Structure formats: C-alpha cells, structure tokens
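This document starts with one chain, in the form predicted on its own, laid out as structure tokens.
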Amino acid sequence: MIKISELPIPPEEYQKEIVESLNPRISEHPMMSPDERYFLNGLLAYYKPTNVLELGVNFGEGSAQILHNIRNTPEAKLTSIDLAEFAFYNEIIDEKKNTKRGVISDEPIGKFAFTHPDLPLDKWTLVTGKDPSEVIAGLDNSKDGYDFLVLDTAHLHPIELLNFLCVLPYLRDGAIVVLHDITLFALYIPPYAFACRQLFGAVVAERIQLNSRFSNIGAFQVSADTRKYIQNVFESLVLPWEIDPRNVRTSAIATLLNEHYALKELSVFREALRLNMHYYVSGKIEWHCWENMRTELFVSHLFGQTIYYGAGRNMADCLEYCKQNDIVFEAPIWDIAADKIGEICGHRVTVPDYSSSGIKKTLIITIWDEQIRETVRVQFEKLGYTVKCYIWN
C-alpha cells in the first residue's frame, strides 16, 4: 500500500473527473469547497476502499460523493453515522460583518444523497440520532474493519477526538482518515471550533493536507504507531471543552473506551471529564485554572468562624473574587506584619491571636512559603484550630 505521504501527485489533482461527473447540485449546501471535494475524491480514487465509514452526514453531499466514487467497486460499502436527525446549516445575518447563526432545518439527515438519481443506495447504511460510541460495535460492517474514514462532525472540542478514539479500534492498519475543517477556527472572532486541528496535531501518523496556503482539509494514515502513541490524543482531552459534557454521550463513550484502552489512557479521559463537568456545572464563565479553583476553595470556608492568615497576593485574589461575585467578606485577616501592611483591598489586617482557643474555628493559610505555612499550621493546630491550606509549590 502506498504511504499517504508518498502519493505521486496531490489527491486534489487525481481523477477530478469523478467529482465533475456528479450531479451539479452537489454545491447546493456547500459544506466543502471544490478543491476540498477533489482532495477527498482523490484519496478515494487512489486507495479504492471497500469499507468506508463516515461520521457526520448533514445534508448528505459528502455521502453522495463517496457513493459516487465507489459505485463501480462491486464489494465497496459505506456506513454513515450522525448524532442529529435533521440537517444543520448556517444562515447569514449580516454579510458585511460575516455574522452567521446555526439553523436546524426540516430536512432529514442525508436527504441530498437519498434523492440523488444516480447513486448506489444499496451500498449505503445510514444511522441517525446516535453517537458512534452507541452503535459502532453492533454494525455488521465494523466486523471487517474500516479502511477509510471521513470525520466531519461537530468541530467543537473534544467531539472529533472522542469520535476518533471510539472508532479507532474498528479501523484497519493503513486506513485513511480524512479530517475536514482543520482550520475552521480561523473564521470566527473570537476563535473557536478547535477539535479538528487538535486531533490532526495530536495523532501520530503520516499526514498530508490540501495543497493550498491555508488548508482546511487534511488526512492521515493509521499505523501501529497511531495506536502505540494514542496517549497523545487522550492528553488533548484535558484542554477546556467547548461543549458542555452533559450534552455529550459520555456514558456510552466511557463504556466503549473501557473495552479498548489501557488504564493510563482511561485515567486521562476521566480526569478531563471531571474537570470539565466541574467547570460547566458550576456555571462559571471562565475556565477553572488551578488558581481559580484555589481561590474558590478559600472562599468556600468564608461562612462560619473562619480566619484567614496571610495578606499577600493570594489573599488579594480571594478578596477580588468576593468583590466580583458580590460576596460579603467579613472574616478576620491575620498577618505577622499587620502593623506594616495596615489593610489589603480595603480590609483591615490584624496581628494573629495566639492566646485564644481555636476550638470550632477554621484557619485558612494563604501563604506561598512552605516553611512558613508549616510553622503556622503547627502553631494553630495546637490551639485547636482546623487548619486548611490549598497552596502547593
């Protein structure tokens, strides 16, 4: 088999007439540019796959192109999966500002391909309303292993990464994966839709892109190294998700991943899910970096007999957080240098009280220096305080 990086001519220049002979209505809902369609067609023509998997169907122009390409290969077949049941399109609101909004149409997924007059629909299996993780194992075509994958789903991180991880066990070594919209994020201000680029960059494989200045479509070839270094793709899941985990079929995904991957990879998925679930469920508008999480832990002890020790940057962050979130801060702030500090963010700082009992009281230490923290902890635990510290070096 020819390596994808050693093709004699670029895919977009190979057997273009196959695309040109397709019904011109292929551009009715143009999800791919002409050159992108040539790129996909060229790879199909080079490799002549017999078992094609398509994730993301929408109106079905891509399905139509694949079916049109494989129509003369007797044993070839296409399996398409789409989580949606109705097609989605962008409606332009303001042409000058290039602003758009997504609209769910009343057309069923794949309608274009179904209504095209010349396609071998007997080669096509279409599944809608299901995530790939929910159905891939039960599909007859999966048992043979797919030799070609077209991945073009939601584009919001981490959907394409999760899609790929779920279907990789059902791809043959040498399978070609075509990934659309790898630079879609460049069309938006602020940028978003990073999933395809993150997958394209993380996967270990031979790869190529459309021969253009700013390619939006690329492909890679699955190999033993793709599986060996799949940890790279799992690690990308830890980045902030662009979609609420509660809107992802995480239960089915977790079940499938548990069957096919090692504990070290699964632990990354679980941690990424935990972090992102915490972020979305909390209703915050900013990602929970470790410092944000630490500040929230400081504030979580505010209600009750709580005293804060340390009047440095961490305490200032805590007070600023309270101000931004309309939280009344009335707890004492202690610092051994209180006479020099005076106040912090409008709050008075006082010298620590070493004489009173700390029973039923909580002391939050906000100091960076590990040695000082330990000294303070020992001192106040002896007085009966419950001491908390959420700083690490």
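Being a predicted model, the structure only gives us computed values, none of them experimental. Counting begins at 1, following the sequence as shown.
One more form of this protein exists, namely the form predicted in complex with a small molecule; it is left out here, but the text below deals with it.
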- Indicate whether Ala186 is a 4.5 Å heavy atom neighbour of the small molecule in the predicted bound form. no
- the small molecule contact in the predicted bound form: Leu67, any heavy atom under 4.5 Å: no
- Tell me, yes or no, whether Val238 is in contact with the small molecule in the predicted bound form, where a contact means a heavy atom of each within 4.5 Å. no
- Query: Can His155 be called a contact residue for the small molecule in the predicted bound form at 4.5 Å between heavy atoms?
  - Reply: yes
- Do all of Glu54, Val57 and Ile81 end up near the small molecule in the predicted bound form, with near meaning a heavy atom within 4.5 Å? yes
- Sort through 166-174, 310-318, 127-135, 271-279 and report the only stretch with a non-hydrogen atom within 4.5 Å of the small molecule in the predicted bound form. 127-135
- Task: Identify, from the list Val349, Met31, Ile26, Ala45, the residue with a heavy atom within 4.5 Å of the small molecule in the predicted bound form.
- Result: Met31
- Checked Phe88, Tyr192, Tyr229, Phe114 for heavy atoms within 4.5 Å of the small molecule in the predicted bound form; positive is Phe88
